[in-house]
Structure formats: structure tokens, C-alpha cells
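A single chain, nothing else alongside it, follows as C-alpha cells in the form predicted on its own.
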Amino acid sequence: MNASVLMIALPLLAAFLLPLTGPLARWVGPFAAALNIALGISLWQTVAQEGPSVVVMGGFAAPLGIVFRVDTLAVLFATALAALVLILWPRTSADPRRESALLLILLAAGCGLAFSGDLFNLFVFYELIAVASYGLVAASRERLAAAAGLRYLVLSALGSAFALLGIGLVYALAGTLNLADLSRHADALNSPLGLAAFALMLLGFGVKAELFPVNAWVAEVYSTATARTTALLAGGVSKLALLIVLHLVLLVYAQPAALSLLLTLGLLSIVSGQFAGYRAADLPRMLAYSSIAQLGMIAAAFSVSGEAGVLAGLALALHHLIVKPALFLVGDGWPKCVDSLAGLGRAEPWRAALFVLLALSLLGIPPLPGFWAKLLLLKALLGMGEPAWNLAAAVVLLGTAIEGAYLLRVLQTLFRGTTNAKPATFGGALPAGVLGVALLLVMLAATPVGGALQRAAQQAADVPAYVADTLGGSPQ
């Protein structure tokens, strides 16, 4: 069995066997996540040596059968998700088996989404991720968590209905849902009805991707869910939703109208997120709005056709996957009100220093990785040479300036005056520290990391090779 299939099957099997594992239940999840990381590394080496491969299951050749595309981009997302799940694995929980099962289902579905080569299976795995995320959000003991979780559930259900309607329209127009086959029938979707289908899917999948205008749930959920759940949603789930959007614009909707729509929603996410973050008075909401803006930048990058846009989007996504979860974990246990943070930088210097490092990278201060990611974004936008993308570059710079204003306000508050409060229990010390070290390692290994992202972008942007590999794959 192909390792990509194992990366889906093993976490699912572990989730369903949890009730039978007795005292070993607490170790089953971390073991499955670690095994997925090992499988991902093995796949990475195979793809580097032999190139992308296609797994066609069930004895039916594409476009009729279930197709998995194993390339650098898919392996990167699947392995990064497994690593994030392992780092964020809860040490204690009121219901450890339920939470472990939900995390394993989310991991399996995320890997399936990363490898899937047709819209139907993308939607199925996306829904599995949604169901698992509902359970994780509901696990919070916060008083307001129930209301926030219900709002999240309703908006996500509405988004799923939009996405399903869009997929139905695509099938009605093109007669297929296989992404490679859709690429050959893209002309059938170059119509007002085809663009409407894209808009519906963009809004549907945009709920998890935190895109404007379907991101109203973000601040409420992120400020009431547990820090680890928030870190997983912001760091992992949002990137998987954007991966679907990337597949759509690369393979199916490489038309100017669709790219302009994605750019518009990305810019609106940046503007609304940064201004809301500037006005936010408590830290979790501030970080939540900042996440909306950062994901808007990724969407803007993916609106740039060709390899440059993919590369910029991947660099931003990888950076956000590391930095944003760590920021939520570092702030866990601190007072939510920003003004109440006064003096905590001196009372907890190591924790505050980690927050400073992460915030500076998020702002794009050189030589931290955030600088190179934003530089790639600006080069990609300005390289289009058109007024709309020049305006987008200006919006990115303006958003960064606004973000700098409110994050620097937090840093000033941390180191202003003194506090008599005892240092809070830093439950996220280990995962936040690991993510902080990962950020520094990426900075020190900028050249090989950049090379790996370049190869991933080249493979993803090579649409003719994707079509030839997929439709010419042999059944497994």
C-alpha cells in the first residue's frame, strides 16, 4: 500500500481503536502522528528522487477512480499537519480519548485532503475536518464557548452548502470532478455560471480559510477555545482550506475574473483584519484578527498566476503555520486585556522574549523568515505589472504598518512598569518553545528551505505535467 494511503488509514484506525487500548490510549495518538511524520519524510525523499506519482485506487483509472497526487506540495502540507498535531498534542484533558480521537480524525482527513485529486473527495475530507474541529471547539470549558461554537457550526454548515452547490454547478457544466480532467475542460467553466460556481466554492471553503466575508466566527472562537485548539485551527486547518483554493485557481480557474475575485477577497481580509486588530482591546482577539489578515495575504499571493504566486503563498503559509500557533500558546494564561499585561515582560522574561521574536517575524523584520515571505509576496504582486496588483502591494504594506502599531503596543505594555502578579502557569511552554526553535532553524537554513519551497512551487504550477501524470496513472 502506498505511503500516502497509510498516512490516512493509520490515524483513522488509531482513532477507532482508542477505546480498546486501555492505559495505552494516551500514547496512541502521538505514536500515530509521529508515524505519519516518518511516512511523510519517506515520501518527500521518494518524490525528490523519482518525481511526483499518482495513486489510482479501486481498479478504475482516472478520471473515474479515486486519485491521489503525491507531489512535494501535498507531502509538505500532510507532513506539516502531522508535526503540528504532534507538537500540540494535549498533555491533560477532561475527556482524553474523545479529544485524541478527534485529533486523529482531523489528521487523517487533512492528509487525505492534501493528496486528493478530485473535488468530490476534497469536499468529503474537508467535511471530516469540519466535524472534528466542531468537537475540539466544544471541548472548551469557557462560559462563552458554547455560543461561539454554535455560531461557528452554523456558519460552517452554510459554507459547506455553498461549496457543495458550487461543486454541483461545476459537474453540471464540465461533466467531471477530477481536477486534471477539469483542467482540460476549463473552457466550459469560463462563463458567468462557471464564475458563480467558483464564487460559491470560494465562500464555502473560505469559512475555514478565514476569508472575508465569512470569517465572523474567528475572533469569538479563538478567544474562547483552548489555546491548543486555537493554534491547530489557525495554524493547520486554515492552510488546508487555502490548499483547495490553490488547486482551483491553478488547475480549473486560471482565468482573470476568478483571480481578481480571489485577490479582492484577500485584500478585504487584510484591511478588515488589521483595522479590527488595531481596535481590539484583548490579546486573543487581536491575534485572531491578525490571523485573518495574514491569511488574506496568502490568498492574495495565490491570486498571482504562475510559480511566483505559489512560491510566495507557500512561504507565507509555512511561516504562519509556525508563528501564529506559537503566539496563541505564549499568550495563554496571560490576562486577556492588553492593558493588564503591564510588567509581565520583566516577571516572565523568557516567555516575553519568545513573544517578541514571534511578533517581529510576523511583522517581517529581517533576517527573520517573515521578512523573506513578505518580500516574495511583494515581488510577486509587483511583478504582475498591473494597477490592481500594485494596489495590492500597497495594501500589504499598509496592513503591515497597522499590524506593527498594535503589536508594538503590546510589546511596550509588556515591558512597561512592574507587576506583583505571580508568573502564570505556562502550559504551552514546550510546544511554543518547539515552534520558536523551528522558526530560528528556518531562518538559519533559509537557502535549503527556500529551495524546497521552490521545487514545490514549480511542481504545483506545472499544470501540463499534473494533467499528464494524473490521467496517465495506472491503477494500484
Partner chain sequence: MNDLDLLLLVSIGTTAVLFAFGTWRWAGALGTLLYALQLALLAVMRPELPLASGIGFEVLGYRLQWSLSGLGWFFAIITVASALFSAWFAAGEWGQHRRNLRLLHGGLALNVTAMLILLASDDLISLFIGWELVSWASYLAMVQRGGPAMDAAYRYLVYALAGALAVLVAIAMIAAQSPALDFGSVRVWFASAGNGTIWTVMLLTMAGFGVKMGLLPLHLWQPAAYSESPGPIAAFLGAISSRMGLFAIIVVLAQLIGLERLGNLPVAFSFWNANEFWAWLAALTLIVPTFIALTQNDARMLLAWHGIGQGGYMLLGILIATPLGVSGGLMHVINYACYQAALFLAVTAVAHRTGTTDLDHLGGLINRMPLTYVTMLFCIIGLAGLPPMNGFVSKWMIYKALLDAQMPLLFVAAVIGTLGTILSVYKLIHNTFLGQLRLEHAQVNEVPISMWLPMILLALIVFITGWMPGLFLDLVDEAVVAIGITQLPHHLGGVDLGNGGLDMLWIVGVLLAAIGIGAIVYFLGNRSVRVGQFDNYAGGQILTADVPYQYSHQFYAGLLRVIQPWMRGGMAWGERALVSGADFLGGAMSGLYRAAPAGAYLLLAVLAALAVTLL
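Computed from a predicted structure; not experimentally measured. Residue numbers count along the first chain shown, from 1.
What comes next is about the form predicted together with the partner chain, which does not appear here.
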query: 4.5 angstroms heavy atom contact with the partner chain in the predicted bound form for residue 336; finding: no
query: The partner chain contact at residue 91 in the predicted bound form, heavy atom, 4.5 Å; finding: no
query: Non-hydrogen atom contact residue 454 with the partner chain in the predicted bound form at 4.5 angstroms; finding: yes
query: Residue 203 within 4.5 Å of the partner chain in the predicted bound form, heavy atoms; finding: yes
query: Answer option from 51, 450, 30, 433, heavy atom within 4.5 Å of the partner chain in the predicted bound form; finding: 450
query: Proximity to the partner chain in the predicted bound form, single hit among 388, 347, 254, 378 (heavy atom within 4.5 Å); finding: 378
query: Region of this chain that lies against the partner chain in the predicted bound form, out of 76-84, 337-345, 279-287, 319-327 [heavy atom, 4.5 Å]; finding: 279-287
query: Check all three, 114, 147 and 309, heavy atom within 4.5 Å of the partner chain in the predicted bound form; finding: no
